[in-house]
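Let's start with one chain on its own, the form predicted on its own, as C-alpha cells.
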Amino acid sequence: MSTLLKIRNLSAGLQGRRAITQVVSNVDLDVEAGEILGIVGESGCGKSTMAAAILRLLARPQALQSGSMQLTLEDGETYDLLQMPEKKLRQFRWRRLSYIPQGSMNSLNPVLRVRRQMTDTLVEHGLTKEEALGRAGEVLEQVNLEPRVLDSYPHELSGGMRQRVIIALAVSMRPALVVADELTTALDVVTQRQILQQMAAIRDELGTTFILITHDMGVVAQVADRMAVMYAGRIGEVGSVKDVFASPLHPYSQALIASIPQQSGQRVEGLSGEAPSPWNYPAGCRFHPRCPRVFEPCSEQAPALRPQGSGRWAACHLFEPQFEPQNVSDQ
C-alpha cells in the first residue's frame, strides 16, 4: 500500500479570550490508500477536532495551531492541505476529500427533496444537471436505496435511509478519502451492521479510503483494517485491528479492550478516574493519573510515538529502553 495522507505534528485547539489550549497535540499519523483506519477513544479525546482539522472545517473558537497534512493521489500529485487557498480547497473537498459529520442524519435540509440536495452538490463541482441526476441515482443504488428516494423529503426516510443518503453524497464525486465521524451513532444494531457492510463494499468497489472516527471498539473490530487509539489529544497506539485486539501495547488500549464484554454474564472491568479537560491536561504522559502501570518518568516526560515492529507504534515509557519500570504500580 502507498501512503495517501501523511499527517505530521498536527495541533489544534480552542482559543479563548485569555488562553489558548491544545485539544489535539502533535499528532503524527499515516493513512494508507484503500484502507479503513479506525480512530478510537473516549468522548472528548479530540477525535472530532482532528477530523475537522483534516478537512479544515474548524470554526472559532477552534483553530489550527501547527503541523502539515500531505495528500498524495493515485496520479502522484501531492497537495498540502494546510497551505491550500480556501477557494481551491472548496473545490477540492468532495472531489478528493469528503466528510460525513457527526449527527449526519440531521445534515439534510428538511425542506428540500433529496434530488435537489444531491444534484446541487454535484453541479457545483462540475457535472451537468443530467450527469448529476444520473450520478445521484447510481450512488444511491450503491448504498442499497432505490432511485425513488430522490423524490423524498428527509422526514419521509428512516434514520438508516438518511444515513445512507449522506454516505452516497459523500462518495458521489469518487473522492480518494472520506472522513466519517461517528458513522453509526443513534442507529440500531441491525442498521449499524448494514451501514458498515456498505462502507466496506464501497471501499472494495471504488478503492475509497476511509477514516472512521468512533468511540465504539466493536465498530472498529467489525470493519477497520488498522486502528489508532487516542487519549487526551494524543495518539497512544497504532496497529492492525487484529494485533491491537490480540495484544494491546498501551495501558489505555488494554483498558479499552478489557471493558468489552466477551461472554454473557462476564464482569466488565471499568477504567477508574475521568478523562482530563483540555484546559487542564496533566504533565508528562496524559494517561498517567489513571494508568495501573505508572512509574517515575510518566508524570514528568511525555512519551513519543515510536515503532514497535510489525507495523505497530506505541507512545509509552514501558517500551523505551532508557527507562526500567522497576517501581510499576499495581494499583
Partner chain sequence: MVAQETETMEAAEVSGRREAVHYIVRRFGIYLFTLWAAFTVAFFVFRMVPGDPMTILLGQLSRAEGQLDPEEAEVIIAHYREVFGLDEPLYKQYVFYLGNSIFRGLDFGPSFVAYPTPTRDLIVQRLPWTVGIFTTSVLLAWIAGTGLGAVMGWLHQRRLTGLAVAVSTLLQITPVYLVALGLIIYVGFALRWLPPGGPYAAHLQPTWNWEFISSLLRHAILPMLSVMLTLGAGFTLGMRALMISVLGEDYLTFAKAKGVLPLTILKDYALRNALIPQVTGLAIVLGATLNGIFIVEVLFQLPGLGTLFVQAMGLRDFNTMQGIVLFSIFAVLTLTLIVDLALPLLDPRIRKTV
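Everything numeric here is computed off the predicted structure, so don't read it as measured data. Positions refer to the first chain, counted from 1.
Same protein, other form: the form predicted together with its partner chain, not shown, and the subject of what follows.
- Although the partner is absent here, His215 is not a contact residue: none of its heavy atoms lies within 4.5 angstroms of its partner chain in the model of the complex.
- In the model of the complex, no heavy atom of Asp204 sits within 4.5 Å of its partner chain.
- Interface membership of Val111, defined by any non-hydrogen atom within 4.5 Å of its partner chain in the model of the complex, is confirmed.
- At the 4.5 Å threshold, heavy atoms of Leu271 stay clear of its partner chain in the model of the complex, well away from it.
- Contact with its partner chain, judged by heavy atoms within 4.5 Å in the model of the complex, is confined among 93 to 101, 207 to 215, 248 to 256, 226 to 234 to 93 to 101.
- Note on contacts: among His125, Arg135, Arg174, Arg193, the single residue with a heavy atom within 4.5 Å of its partner chain in the model of the complex is His125.
- With the partner removed from view, the residue among Asn106, Thr72, Gln222, Gln142 that has a non-hydrogen atom within 4.5 Å of its partner chain in the model of the complex turns out to be Asn106.
- Taken together, the three residues Val31, Arg293 and Glu296 all stay farther than 4.5 Å from its partner chain in the model of the complex, as judged by their closest heavy atom.
- Residues Arg116, Gln117, Asp120, Thr121, Glu124, His125 of 114 to 143 are found to place at least one heavy atom within 4.5 Å of its partner chain in the model of the complex.
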